[in-house]
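For reference, the chain that follows is the form predicted alone, supplied as structure tokens.
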């Protein structure tokens, strides 16, 4: 038997485990708002990374609804489907209620025991101190996702650990940010600096705006469509934005880089690029011109399936609208292992069109200059995430989750303890389950902080129930935008059950580790009030208005003829990257033909649906009712050959023999015959997630072929193939 068994939480359901009519929704019944006392509290959403600001409305202190804040540039006063469903996370009957401690019975079996906060925190503090005494405090790592992780990052840095990673880097936006930084000297921010409200032409290449419901971008794209923008969508699937596009290019999976290089070829060959912009701001144009000369549309047609006249016509449409043309950088950009170079190609294409720093392209973001609360400097850690990377991925500016986990395996592992905050690793990282189990068996301490009993909790020594974003203070939202602004998240309700805010958990652990000087506050509102007073506001003011917009200190766009120094080694936009060349990589993007599926297999494509933020929300009782399961998109030609129909359940198998849970078929011409598509985030195995457990299929489990980006460590997930197996009736 392994040292740390995977524990299912089904035995801790408590009295609420008896089925009832309310179990379908999972929410507490409330009367409709009437003549009671109404109140509202400002917040910003935690249902996805967009962090839209809004108000939580209550009647007689009971939940009513969530609405957008009219002053918020992220939401423009409107919340998306998931944002309005935030109350479901607060009322979810399956949420974690009490701290849980792993215990071993006399027969060796393991289970969780509900314990007090004192016992749980004392256990963690003593085990962390033991690790520090034997190995050093910097041998403790964290893998995290979500805004509340800042409190625990502060805790670990104060303790002497500087090893942390978030799946959002290696499993989502890392290649994009790395590619743009190599080209322009800086990344794109979050939300991205896209100026779609002023665009005349928008290119979406593998970006599903409208299905991912990134609120501000959905609204600015809608505004552009009302102005009759030229929308070009490149996707193997006829997605929602494809249905609103002037051009839909159903590209062969894995050949996007060839198309991008062909577009560059046309712009340069026909002298349609912004010559003044390129001459003024870029370096390496002549090398790029020679490089793309061989990517003629006729050759690229054979690779992509996109006819030459369409390649030329769309390139000319981009040039005609420039510089108000945006080739969207996308999100979740980990595809085929060449992802930094593909993102570099998108960046270079924007540079040729003169879009960076220009109206309708990519604007200049600005944040509020918000002072940090005065605290002592952190101790210097002897090791960091880079030690886990070794000589791999020289341009990884953040920790790579896979590397952190690998560095937890074995008797001589680099890390001896791990804190996992707000990320469900078994369903987040592709093909990771064997390594995850090995890491969990090797570690001296595993702590999981979450609001829900996700699969990752089954590996923990201690599970700490954090309250939801509607019950806590967090750091002020200070993200770059069109105008600098601050937003407040404050508790609308007292924490339910025995859950606690992340700032409180971090502080209590800090006190047990002797770090009182790093946690001098009794309540985190003290920190927020101090910061706000430094910029001419106060907590009292923000509790009333929620969002405060500040005047810009610099223009949103480059002025005509303005001299600009970019944050690259050359001070220019680097079309040819000497940085990459010096490290042994191609200085300009180079297309490599992707693998084709074996006979009887199909490209596995995955994405999002409007109702859910991947697996984070599938058990949310309000959102579950909108979308209880994912479906498998299958082309009619394939369905006819296999004899399957819409509504029928099938299973998927990959070439390594991994078999999925069953998934319902959707026969549609909106997908290429060589591909299938499914939404990510379903197929949960945790029995405590009573709505979504066993519902739908988990695509990440089928991704055993992970194509790692050699530049920054991104885990390419689109190089996987599946075959369809009919369910026996």
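Given the structure is predicted, the values throughout are model-derived calculations rather than measurements. Positions refer to the first chain, counted from 1.
Below, we refer to the form predicted together with a small molecule, which is not included among the displayed structures.
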*Does at least one non-hydrogen atom of residue 247 fall within 4.5 angstroms of the small molecule in the model of the complex?*
no
*Is residue 700 close enough to touch the small molecule in the model of the complex, meaning at least one heavy atom pair within 4.5 Å?*
yes
_So, residue 363 and the small molecule: in the model of the complex, are they within 4.5 Å at any heavy atom pair?_
no
*Is there any non-hydrogen atom of residue 95 lying within 4.5 Å of the small molecule in the model of the complex?*
no
*Can you pick the stretch from 653-661, 546-554, 438-446, 199-207 whose heavy atoms fall within 4.5 Å of the small molecule in the model of the complex?*
199-207
*Decide yes or no: are 280, 576 and 716 jointly within 4.5 Å of the small molecule in the model of the complex, with each residue judged by its heavy atoms?*
no
*May I ask you to choose, among 156, 427, 396, 260, the residue with a heavy atom within 4.5 Å of the small molecule in the model of the complex?*
427
_507, 82, 358, 265 - the one with a heavy atom within 4.5 Å of the small molecule in the model of the complex_ = 82
